[in-house]
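What follows is a single chain, given as structure tokens, in the form predicted on its own.
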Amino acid sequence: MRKVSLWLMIMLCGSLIWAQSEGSDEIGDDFYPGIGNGGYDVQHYDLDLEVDLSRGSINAVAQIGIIATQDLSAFNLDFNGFTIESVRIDGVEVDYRRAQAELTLIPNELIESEQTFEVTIAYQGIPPNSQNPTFAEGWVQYRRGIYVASEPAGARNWYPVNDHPLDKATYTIKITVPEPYVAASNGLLVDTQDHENDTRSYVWENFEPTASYLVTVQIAEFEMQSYYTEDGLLIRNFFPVDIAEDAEITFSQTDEMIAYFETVFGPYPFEVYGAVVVNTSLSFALETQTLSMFGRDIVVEQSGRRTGNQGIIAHELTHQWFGNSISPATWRDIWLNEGFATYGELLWVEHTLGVSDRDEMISNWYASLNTPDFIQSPIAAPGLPPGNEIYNLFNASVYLRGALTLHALRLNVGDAAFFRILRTYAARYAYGNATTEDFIQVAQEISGMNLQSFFQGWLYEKKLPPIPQMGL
């Protein structure tokens, strides 16, 4: 063996340690390999966005407060598009490289594990995919304004981010827009600032941990309507000015819903709630945290149903507990969002219309899933169906079979244990993340029953199990 000098050995070992200190460029989600990043934990995002609606562009500065969870010689953020003007760590400019939606930052010296630091990135340009009206693309401009809907990983299309629900953070978002546009976002409006060039800045503080896909920016000619519930919770809604009166009727049961859901889920988890009605029709609604998002079609295109289309409103409100406060640990666990929110619709029907209406809905859902034409699929088994993964993630089984799973559980363990399970689960994992196994563990703990075979059939087997208590 050739002898190597001590100096060279030291240099080689030092280079190896430096190379091994790079943070992972993915967080470990097997449904979406490559999204999210490892090696650090974001604590807070401070976003300053100047929006030019005529050009469809933004000029922005993102300040990101981070704690390292390992030594870092380099680490990644998810960030797609834009011209980057500068990248700094603790105020000092650093090198970076880009590959598709991965932005790799290279600090000038090793960041040690548990060290806190701040990344500042100045950037400008037109957000990618900004003309695609979906729930997955992030920043979308339409004729009358802008909305942001990012599930599952569209946040990277408008700010640098660790784009996975496992890394929640708090947010300060300042949005500067030309008058008479109004800019709404998550949390509380803490300041407005008027400028000489006929623009106005809106400053929003979101104090609770938030998954990146639940962060929103809404810009349009809105009328803000606000009031307090009997328990003192602030409700603030943003409605297009031309339909604000009708929208107020559509959402008039929000405080009643919150009061009811608190009896079955536990205390509402945030300090504010409300709805934003985007000034264009949408094919979806989204539970953006503290400010659920709907298209104007919920108000104007469902003729005769202005006071009866409450199911989707109940669905997005239920998400504030299940999906927002408790977020999925991986996208494999999406039924913990959508199955629970769909069951929230059933509970609201039961509360307002009665058990017979609830059971009719359950029977209809069961029949729709149990037909030869419907491709049955387990809702927590490995792998996604082939095709467009984003849309297959939200297949009908996740919603309907997820809700039926919860109702079958309720019938198995009884109402008292079932609602204790929901409240315990909501409290235990509040402001964090949970897996399917976490929920199963809570269900078995509270019920005192071995439910492994029950959940195996409902969540992991292809064939839809029976609900004998209902003759299904």
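Note that the coordinates shown come from a computational prediction; the quantities given were computed from them, not determined experimentally. The numbering used is simple: start at 1 and walk along the sequence shown.
Just so you know, the form predicted in complex with tryptophan (TRP) exists too; it's not on screen, but the next bit is about it.
Distance criterion of 4.5 Å from any heavy atom to tryptophan (TRP) in the predicted bound form singles out Leu286 from the list Val182, Ile313, Ile298, Leu286.
Heavy atoms within 4.5 Å of tryptophan (TRP) in the predicted bound form belong, among the stretches 355-363, 254-262, 145-153, 173-181, to residues of 145-153. Three-residue candidate spot Ala136, His319 and Tyr399; every residue lies within 4.5 angstroms of tryptophan (TRP) in the predicted bound form by at least one non-hydrogen atom. Using a 4.5 angstroms threshold between heavy atoms, Tyr96 stays clear of tryptophan (TRP) in the predicted bound form. Mapping the unseen interface onto this chain, Phe117 falls outside it, with no heavy atom inside 4.5 Å of tryptophan (TRP) in the predicted bound form. Contact annotation for Phe207: none of its heavy atoms lies within 4.5 Å of tryptophan (TRP) in the predicted bound form. In the predicted bound form, tryptophan (TRP) sits within 4.5 Å of a heavy atom of Glu338.
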